[in-house]
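Next up: a single chain in structure tokens, the form predicted alone.
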Amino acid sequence: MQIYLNGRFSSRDEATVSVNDRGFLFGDGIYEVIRVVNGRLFRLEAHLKRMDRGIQKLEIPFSDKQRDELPGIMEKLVAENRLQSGEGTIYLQITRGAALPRTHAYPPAETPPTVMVMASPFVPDTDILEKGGHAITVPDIRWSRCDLKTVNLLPNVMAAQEEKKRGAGGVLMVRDGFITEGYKNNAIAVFGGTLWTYPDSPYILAGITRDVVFEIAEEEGIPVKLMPVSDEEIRTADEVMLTGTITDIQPVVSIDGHKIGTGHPGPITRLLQKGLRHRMDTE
């Protein structure tokens, strides 16, 4: 498996990162995951735009030249790792780099960032996409800048472990009595033919797949309401779904043991799934 790290391509086993790297010491960095379908990078510019925002907000020095090189690096990794057919993912991580002494404040601006890119095969979970998942709710204990896709993921890791322990197929996070999103995806509920989802704010990550859903909904005449849904209200929804780069559009057929709608994936979820799949196969 070939990866890119700080200007050179090498095998994953050979690549090493300094123990002084601020991503390792402080979680001081951002990341993106990009879907690869038959060699094509799906919605690459949207991911890079979100990356740009994270870099800007965290004030990580990252030059225009480095940014412009990323698509070519990704395309080379897709070829080197034989992902021209089938599906895969690109993982991109940029940290503030390695610096001494270890201090919390940012190091000098000339400190080179650590840039790592890797490409891996990916197999969608077609069973859960077809049948739907049984989700659980957990408290949203994350920090208040979830709109930045940083590598500070310990609460997400804990939510994923709770999902695993309880044998669930999805997680909905609850903050102040309202569903925010999943630990790796956005949450959308359907009430009377209208999509309801948490509005853009520091409490959620504006998802690329979520934006695709909005596009499809507009084309199909499906209203969208950017409005929080309480953890009680969502149990009465006609349909619930999770959306994300590696989640696609996953139906949720129960929440904490409460059946959603008919207990099967609903017609709007199916319509959106079809629209997303068409875009992934043709764009």
Ligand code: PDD
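All of these numbers come straight from a predicted model, not from anything done at the bench. Numbering starts at 1 and follows the sequence shown.
As for the form predicted together with the ligand, it is not shown, yet the points below apply to it.
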Inset, instruction - Counting non-hydrogen atoms within 4.5 angstroms of the ligand in the predicted complex, say which of Leu129, Met116, Leu205, Val78 makes the cut. - result: Leu205
Legend entry - Non-hydrogen atom within 4.5 Å of the ligand in the predicted complex for each of Tyr31, Arg50 and Asn185: yes
Legend entry - Touches the ligand in the predicted complex: Thr243 (any heavy atom, 4.5 Å): yes
Legend entry - 4.5 angstroms heavy atom contact with the ligand in the predicted complex for Asn152: no
Inset, instruction - Report whether the minimum heavy atom distance between Arg142 and the ligand in the predicted complex is within 4.5 Å. - result: yes
Inset, instruction - Could you confirm whether Thr95 comes within 4.5 Å of the ligand in the predicted complex, counting heavy atoms only? - result: no
Legend entry - in the predicted complex, segment of 31-39, 253-261, 216-224, 59-67 with a heavy atom within 4.5 Å of the ligand: 31-39
